[in-house]
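To begin, one chain is listed below as structure tokens, in the form predicted alone.
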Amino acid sequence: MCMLSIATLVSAGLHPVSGEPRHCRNDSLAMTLGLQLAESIGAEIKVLHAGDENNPALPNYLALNAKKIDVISVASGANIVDSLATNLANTELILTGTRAEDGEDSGLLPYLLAAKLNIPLVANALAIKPIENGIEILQFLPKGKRRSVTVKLPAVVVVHPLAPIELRFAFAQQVSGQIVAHTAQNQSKTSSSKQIQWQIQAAINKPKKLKAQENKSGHERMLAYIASENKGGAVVNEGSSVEKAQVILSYLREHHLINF
């Protein structure tokens, strides 16, 4: 089998501590998986970014063995899904990470792109193996479970953050790589009804729940994690509102949650 074209989408990430621009790890995993797949079957691969060609995060992808990064210059407020769909109309396999690390980072871009191109999407991919008339994807499932999914091309594949892929940086590759800018061919403004005015404010501490202290041994606490048990308590369905309030006050006083 020989796929004609593979594309991987990369975005600008942020360092979790310093906040400095860097590669997005989720997209780096998808790009590395695409590079390995393209090398194994002799396919062409395109690394695509929608945004600013001068973004300082892009050279990180060159260091991760991307020979060239094609950048679609999009205007402010433009819908990048339309621009990406125009550039990827004839691409058989599109790889992305789960979500970006900057901006709205909703994780919806792969789904919107697949809907725009009218092609299937497979999420949480750990590995990809080419087969006749398509690809076989090892998919991540909760609680350590895995399953194999067979998909016909073209398709969009979202790579899971736990994919067993090793990222290797090479400064020489970063220097020799190229970043090429292209003008978006299909730029449509997002409708005003969909535009959201974001407001930034300081984080507010959530109120803590009042919880009665339990005098349990270490063995009892361990059992509480592995077995469900009756927590006790009482349900008061009868009586006046004053009598029900008295039951609550008695519970709070018994567990020293109030001092009156």
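All of these numbers come straight from a predicted model, not from anything done at the bench. Note that residue numbering begins at 1 and tracks the sequence as displayed.
Missing here is the form predicted together with a small molecule; even so, the following discussion is about that form.
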{"property": "Stretch in contact in the predicted bound form with the small molecule, which is absent here, among 49-57, 33-41, 201-209, 215-223 (heavy atoms within 4.5 Å)", "result": "49-57"}
{"property": "Contact test in the predicted bound form: residue 178 vs the small molecule, heavy atoms, 4.5 Å", "result": "no"}
{"property": "4.5 Å heavy atom contact, residue 160 to the small molecule in the predicted bound form", "result": "no"}
{"property": "Contact flag, residue 167 vs the small molecule in the predicted bound form, heavy atom cut 4.5 Å", "result": "no"}
{"property": "Any non-hydrogen atom of residue 133 within 4.5 angstroms of the small molecule in the predicted bound form", "result": "no"}
{"property": "121, 109, 127, 117 - the one with a heavy atom within 4.5 Å of the small molecule in the predicted bound form", "result": "109"}
